[in-house]
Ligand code: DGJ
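Below you'll find only one chain, the form predicted on its own, shown as structure tokens.
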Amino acid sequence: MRTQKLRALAAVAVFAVSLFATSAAYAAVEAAKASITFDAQSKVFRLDAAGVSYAFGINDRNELQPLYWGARLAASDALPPAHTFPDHASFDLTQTTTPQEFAGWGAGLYVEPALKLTFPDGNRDLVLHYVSHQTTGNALIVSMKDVQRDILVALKYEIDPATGILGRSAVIENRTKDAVVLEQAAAATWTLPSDKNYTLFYLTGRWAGETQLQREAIHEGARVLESRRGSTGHQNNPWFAIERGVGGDEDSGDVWFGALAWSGSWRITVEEDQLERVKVTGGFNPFDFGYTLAAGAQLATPVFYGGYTHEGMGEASRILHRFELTTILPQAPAPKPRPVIYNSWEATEMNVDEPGQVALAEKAASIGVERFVMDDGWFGQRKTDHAGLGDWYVNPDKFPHGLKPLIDKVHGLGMDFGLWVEPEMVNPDSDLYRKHPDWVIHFTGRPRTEGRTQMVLNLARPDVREYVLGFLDKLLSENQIAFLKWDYNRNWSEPGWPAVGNAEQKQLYVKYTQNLYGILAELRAKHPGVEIESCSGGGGRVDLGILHYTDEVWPSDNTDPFDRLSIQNGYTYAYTPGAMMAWVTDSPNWANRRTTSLEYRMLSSMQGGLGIGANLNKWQAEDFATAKRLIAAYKSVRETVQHGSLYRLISPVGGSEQSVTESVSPDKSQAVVFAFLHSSSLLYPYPTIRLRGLDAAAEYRLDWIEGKAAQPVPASASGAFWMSHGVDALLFGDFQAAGFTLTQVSGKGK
């Protein structure tokens, strides 16, 4: 076991080094734009990059105190030193009125702390003071310590030169002689400039209705966004944005935004204190946390990323997208475009076999699909969702010669091969569960709740971790598999870990997710050509933590093309379309029994990574012709759609009858527009589409992917024309869609 652990750590290190080297090449180009300074006289730290400055200082009590976060300041601008604030009253002492970068709970602190713990003698007072700091490249590490006891906290600040996004995290170290219990451990607290006019944006949802954008005024008190489910969850997403002012214009206004890189239970608290200062604290969810930190042990928090722009919510999204593409995703800084995929689920569900999959693969190849993915049902005794999970051998009745003949056929058709797996789950009706009933998350002597007739394997256990890594490694080593659709179809219940002592059981919340990341990292290191999708019954595990190890995510099981407009709209506030998969499935759609044309369904899905999930056995010749034409069109624009700058020209939320998105390539040589109409009424025409983000002086040619203009437009015109005059699309009726491109024919991008 010791050898296996060392080998695992080495694999993680190799992957981390390779990822760092790739990112470093990108960062080197932008390094001159970032700086980290410390003024020894004023005791002020300052981080500058892109259009952002972030500053904090050491005050007269030796606390770290936030000073500024916003538009980039001039190098000559001197920020005043930090200073403690007076008591507001005997009810709000200076410890509460003085904002802190990372506050321990103690000394009369009443606002949300970043760190709270209990010592063995019952003491729960923690007061953190500055000790030292060091700077390495684009990172600053500041060390803090409790005023009496040997509890140390190392705060890390790492600023991205190209976007100004700041990553903050903490390492908590127990140098006392006894174990302590961490009851709350955040990654960071963000403090906004004092103001009374802030609006909070966040994402909520449920299964089949994920990433719905919410908006509300911030007022005194706290708004808690969280998941207690052991994973990211459908109900809230660990992202926020705060806009100052009335808002309503996507391209103007001060916006502060952030995202927590953690795929386990999490919490973000947005709090306005008694003096009308807004703070955002995020990290591990303290509910049922109680993490025992042994003497000499450390705990690293997730990274909480934050950014700022004065160009509105649209630019906040575009900044995040660029950061994800160039820094977060495994293939950063230059991810490959997502291929057009076919997935067999809706055609066959679990009734898979070699002849049936070959027939589907032939049809998929004929329309230009590049990746064929076989879904559930290929392993163990998997005939329904009641059995087989955990037994990861190829079913000999369905595939008597293994997967190789099918994979060879798929390769011969010019496609690569992908496979569905659900590694973290087990059915009670499985050989694995019968052999290892203790391997699931459970409490001793208590009922074991099933969801979808399955239970959650305790990935925190070293033996479970080795089992999951082992069968996935074997599967990939023995077969030419280019892609894994990694599913996760339920949340936790009875979160116990009886194999360890009572004091260590709650470490499950952290170690499970750490081991998940470790498995993904090792697989990628050993099989660098394999790509992975994160799926959790749709969008139940979408966050910057999982996106560091997976190439794409599945935003929702709901593939209704109209519902997907609002789901994908909300998704893009936090995450890049370059990692968003969208399938074209059958009509009427299973979710709402809504009937839509194939053209409408295709254009809806072409706004991200395009997939086909329909039952091709039921298609007619005209369906194949339409799909082949639109897939070819998609391939000519997908680089712009997936990696360009996204403009949400008309939002589908709030009962809107229209939705329009525009993507512009980085060099502004191409723009791609998708327009959708729910239904016409009272003979009103479709609103004029006025583009954004083009080179005003360049000349662009308009070409229709689908649809046509309602009014004559020139064959080509300046970017200024398309942005000011716009395009009138001919859209009338119910569930209609159009798409067009603008291609630069003269100018810098040509």
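Keep in mind that this is a model prediction, so the values were computed, not measured. Throughout, we count residues from 1 along the sequence that is shown.
What follows is about the form predicted in complex with the named molecule, which we do not show.
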What stretch, of 535-543, 115-123, 249-257, 96-104, brings heavy atoms to within 4.5 Å of the named molecule in the predicted bound form?
535-543
Would residue 489 count as touching the named molecule in the predicted bound form under a 4.5 Å heavy atom rule?
yes
For residue 338, is any heavy atom within 4.5 Å of the named molecule in the predicted bound form, or not?
no
Heavy atom to heavy atom, is residue 83 within 4.5 Å of the named molecule in the predicted bound form?
no
Is residue 376 part of the interface with the named molecule in the predicted bound form - any heavy atom within 4.5 Å?
yes
Going by heavy atom distances of 4.5 angstroms or less, which of 635, 215, 452, 196 would be at the interface with the named molecule in the predicted bound form?
452
Quick one: from 239, 583, 674, 575, grab the residue that has a heavy atom within 4.5 Å of the named molecule in the predicted bound form.
583
Candidate spot 345, 420 and 554, all three in 4.5 Å heavy atom range of the named molecule in the predicted bound form?
yes
